[in-house]
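A lone chain, given as structure tokens: the form predicted alone.
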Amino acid sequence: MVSTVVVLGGRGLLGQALMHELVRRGLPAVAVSRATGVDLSRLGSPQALAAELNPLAPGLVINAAAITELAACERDPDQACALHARLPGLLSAWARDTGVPWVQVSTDHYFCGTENRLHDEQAPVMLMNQYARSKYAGERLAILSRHALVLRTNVVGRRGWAGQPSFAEWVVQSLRSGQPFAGYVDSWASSLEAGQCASALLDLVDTGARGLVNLASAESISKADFMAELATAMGLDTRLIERQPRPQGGLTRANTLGLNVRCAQAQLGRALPDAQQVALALAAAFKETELVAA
């Protein structure tokens, strides 16, 4: 991998981690997003996408652009569909014409149930909200492209958007507040720290992987247990976490998000991190950022 790597959605949580990892590996990288003057949700044709990508002459495109706030997808389903479904369709057409490999970053927000489990790539999905419906539509379009690697994942980390904390940022803020807060015992996921995900993603690309692959932690745990792992890793008080079931009502959300990563591990030739390793990586990322800020 020596040609320019274009990261769509380079300002997001995973996008930032990808840009950092690409620079660390000494690879030329370009981020494309609203922050760089390109509204990816408004690209309406293969020609419009080509006009943005072709001058960059990429050897790889990674589509990490997404609206991750579920309520925002419900408020503006057209924009969610444009970004999550139309854009992968345009990328598929562009890759067919150019032969350039690309990565579609999908989601794990497809499963609901009453117990923790790990879902493989063939597990039946449940599309419970606009976010899931639009992301799944994009996933299906990407899988039709022989040039695409499609990754289901769950990414946690420090995003650094003022007034819009990521899940991990919210947990750390809540732990540091000294006030008790809810940790759900019936919502499970196999989250990866953003840097871990970026590194494994690029390694998978280097193996020549194609098609649908789960890329996540090797372990699925509840939100409450994940909060406790992060608190322990950061030396904070786990007793502030009030373990309770999810509240009823409101927007329907997936809750059994665990992903079976045997395929990814076989392709990579190594184990993916467990929950404790993810929490330690998160704690290190927060500490590094705070030392730089100081």
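All of these numbers come straight from a predicted model, not from anything done at the bench. Each residue number is its position in the shown sequence, starting from 1.
As for the form predicted in complex with a small molecule, it is not shown, yet the points below apply to it.
Stretch 147 to 155 is the answer when you ask which of 147 to 155, 115 to 123, 89 to 97, 175 to 183 has residues with heavy atoms within 4.5 Å of the small molecule in the model of the complex. By the 4.5 Å heavy atom rule, the three marked residues Q196, V261 and P273 all fail to count as contacting the small molecule in the model of the complex.
Think of it this way: in the model of the complex, the small molecule has a heavy atom of just one of I241, L40, L230, L53 within 4.5 Å, and the residue is L40. Note on contacts: among A266, A57, L251, A35, the single residue with a heavy atom within 4.5 Å of the small molecule in the model of the complex is A35. With a 4.5 Å cutoff on heavy atoms, N129 does not count as touching the small molecule in the model of the complex; it lies far away. None of the heavy atoms of L49 is located within 4.5 Å of the small molecule in the model of the complex.
By the criterion of a heavy atom within 4.5 Å, W161 is counted among the residues contacting the small molecule in the model of the complex. Under a 4.5 angstroms non-hydrogen atom cutoff, the small molecule in the model of the complex has T107 among its neighbouring residues.
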